[in-house]
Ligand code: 5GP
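One chain is shown next in structure tokens, namely the form predicted on its own.
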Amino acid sequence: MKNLFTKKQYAQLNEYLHLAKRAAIITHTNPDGDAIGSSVALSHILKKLKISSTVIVSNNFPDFLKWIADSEKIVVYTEKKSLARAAIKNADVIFCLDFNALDRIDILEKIVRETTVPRILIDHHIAPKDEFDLKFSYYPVSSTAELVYRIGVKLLGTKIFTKKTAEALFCGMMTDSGMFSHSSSYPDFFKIIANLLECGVDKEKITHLVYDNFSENRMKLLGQALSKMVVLPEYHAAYILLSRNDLKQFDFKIGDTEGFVNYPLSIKGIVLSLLLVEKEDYLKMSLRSQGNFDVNKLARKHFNGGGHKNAAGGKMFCTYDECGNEIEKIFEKYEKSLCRS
């Protein structure tokens, strides 16, 4: 298996771990399958190294991820502020998973910046900021869960992975690769998946728990989203706008819009898809593309965000009524690039 990191990096990691008794593991706001899976798996690995750890998230995560073993131990800041602050302030080392800049953890950013202990980044997003003491950053891989697997093997060997750790890692790799449809076209990815299956992972069971475990209201919200989809064949693009009223009508829960942005890409000729969800003072955006069109660059330039070549996120600071026209103006600027993709 290809070695992604240097001996010097692992030596520094071992030095930090040797001095640590308590660790905080923090992942990004609105955590997804990779964020939760990689964080929980890392907590299992640290336990084998006799380091106690607490996984902390800014806000709650989707119900369809709460089957992951030990996810019930995750401290949600909005629900347990004092406990989250104490876990961060008392940590000997802080692991930052699945984000490349501290502003991605929103309300936890200030607390983390006030600490003086080492910050260790494990992440697969482009261009990590210089806010970390040690970086395990490699964007071509499928997921942060894959990086946690590789680091775990380097520290303790393949036999460290219990079934529950393997399930958490599998969930992260499966969800961030879109059920193995992207960011996974290299042999090492499937070697790791095979190793996780050998640990007892039930692929069909986990697929069902993640993708076939939604509420009736979520399915109705999907119908609403598709009915509002705007398709612009001249730009090979489409977008969906969901208002706060739409969310209220269908009793929105965290995670209900997961995957909605992918549906327009199944239309013949569409290579760019945007999903915009109205929040109180901005519109939250998900971007997906096919082929060579780079939504990471698009999100960075126009939408206060970033991510990967074919999957990114961002924000628009305009009104719900204005955003459709603004998006179409931007599509027009990229007409040639979209036609070539």
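All residue numbers refer to positions in the sequence shown, first residue = 1. Computed from a prediction, not measured in an experiment: that's the story for all the values here.
What comes next is about the form predicted together with this ligand, which does not appear here.
At a distance threshold of 4.5 angstroms between non-hydrogen atoms, A312 is in contact with this ligand in the predicted bound form. Under a 4.5 angstroms non-hydrogen atom cutoff, this ligand in the predicted bound form has S286 among its neighbouring residues. Using a 4.5 angstroms threshold between heavy atoms, G306 counts as touching this ligand in the predicted bound form. In the predicted bound form, this ligand sits beyond 4.5 Å of every heavy atom of R119. Residue in contact with this ligand in the predicted bound form (any heavy atom within 4.5 Å), chosen from R150, K135, R218, H125: H125.
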